[in-house]
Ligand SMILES: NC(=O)c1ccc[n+]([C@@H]2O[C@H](COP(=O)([O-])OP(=O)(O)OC[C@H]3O[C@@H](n4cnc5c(N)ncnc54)[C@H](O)[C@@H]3O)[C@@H](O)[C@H]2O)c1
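This document opens with one chain alone, in structure tokens, the form predicted on its own.
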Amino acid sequence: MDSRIKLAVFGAGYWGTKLSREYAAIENSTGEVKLSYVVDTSVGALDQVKQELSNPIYPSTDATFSCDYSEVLEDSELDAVHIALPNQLHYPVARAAMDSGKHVLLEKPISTTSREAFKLTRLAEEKGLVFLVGHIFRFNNALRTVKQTLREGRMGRIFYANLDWATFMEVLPKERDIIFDLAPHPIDVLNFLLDEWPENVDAVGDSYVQKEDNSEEMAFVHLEYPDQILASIYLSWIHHGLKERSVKLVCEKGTITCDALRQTVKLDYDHNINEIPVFPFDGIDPVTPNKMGSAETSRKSGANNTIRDMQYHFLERIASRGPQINGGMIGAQTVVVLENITAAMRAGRKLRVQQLVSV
């Protein structure tokens, strides 16, 4: 009997293709999963993924390629789906998957409204399904190291944070704004590091290239957290230069600077700048590193494959349940923050965030 978790990837775009490659790699290395389907309405996109998965490095992968989401969900042997579709399809497709009894890993944002997002979390609870959100930076070894450093207390209390999430996109997304599309990651990073949600938000942004309403290509977001912690996020799709995913925390006794792309962490502590070792991810505990060289893990310290570690976590939760690093409720409350940021930006005034609890 085949005991592997049978999984489908919904979406064959840029991100869906990466997800399919990583699942194929897990299938061929550990045998924990079987990539049963890759689904997309674009035949051309499916052909591209099919060509990539025909690489000899994936000898065990024999996924079926389909244009029909509903037909795939009728497969009673399918255990789970990882959804990487356009934002407006996240809610209806995830709901259909849960109604079919499938575990779901849904890319961010889990919905375009908090109302729908909370409906998904309730549905997963009612059906006893694993429901995770693709907040991939929770699996980033460098950011985990920052969290551990904060918990150790040697930097003292946090004063404020500055996050830069910027890149240059030659082809700008149509009918999408940068708040809902890019801000979920830095908002979630702040929640992961601070263990708090913002109390107040303010933002300004604009569309310089497309010059269209509700299609902001850059924004400055300001957030006020409990304990007098301030945060600022710079978002841009029109930022010339290197892609940036950086976090700087100014604390009572020093400054922590994290490059989340290159996975480096530097401490300006007692007026000495030092790069510190990045901890390995153990697949279960998001903050406590394994001892190097122990039998607890074969994974090395330093930069990790965050996509694959998130996928491992999904498979482990399906197999054995247990604590979820990136549970659906976190994704739903992130959408609440996004809604408030968008409303503040378009109203031109600060808004107090409601309905939030610490996670």
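None of the values given here were measured: they were computed from a predicted structure. Numbering starts at 1 and follows the sequence shown.
What comes next is about the form predicted in complex with the ligand, which is not displayed.
This chain is displayed without the ligand, yet in the predicted complex the stretch 77-85 from 230-238, 77-85, 254-262, 96-104 comes within 4.5 Å of it by heavy atoms.
Using a 4.5 Å heavy atom cutoff, none of Arg138, Pro186 and Gly327 lies near the ligand in the predicted complex.
A heavy atom within 4.5 Å of the ligand in the predicted complex is found for one listed residue only; from Met218, Leu89, Leu172, Val250, this is Leu89. The closest non-hydrogen atom of Gln48 lies beyond 4.5 Å of the ligand in the predicted complex. Within this chain, Asp40 lines the site of the ligand in the predicted complex, having a heavy atom no more than 4.5 Å away. Contact annotation for Ile341: none of its heavy atoms lies within 4.5 Å of the ligand in the predicted complex. Lys266 falls outside the set of residues with a heavy atom inside 4.5 Å of the ligand in the predicted complex.
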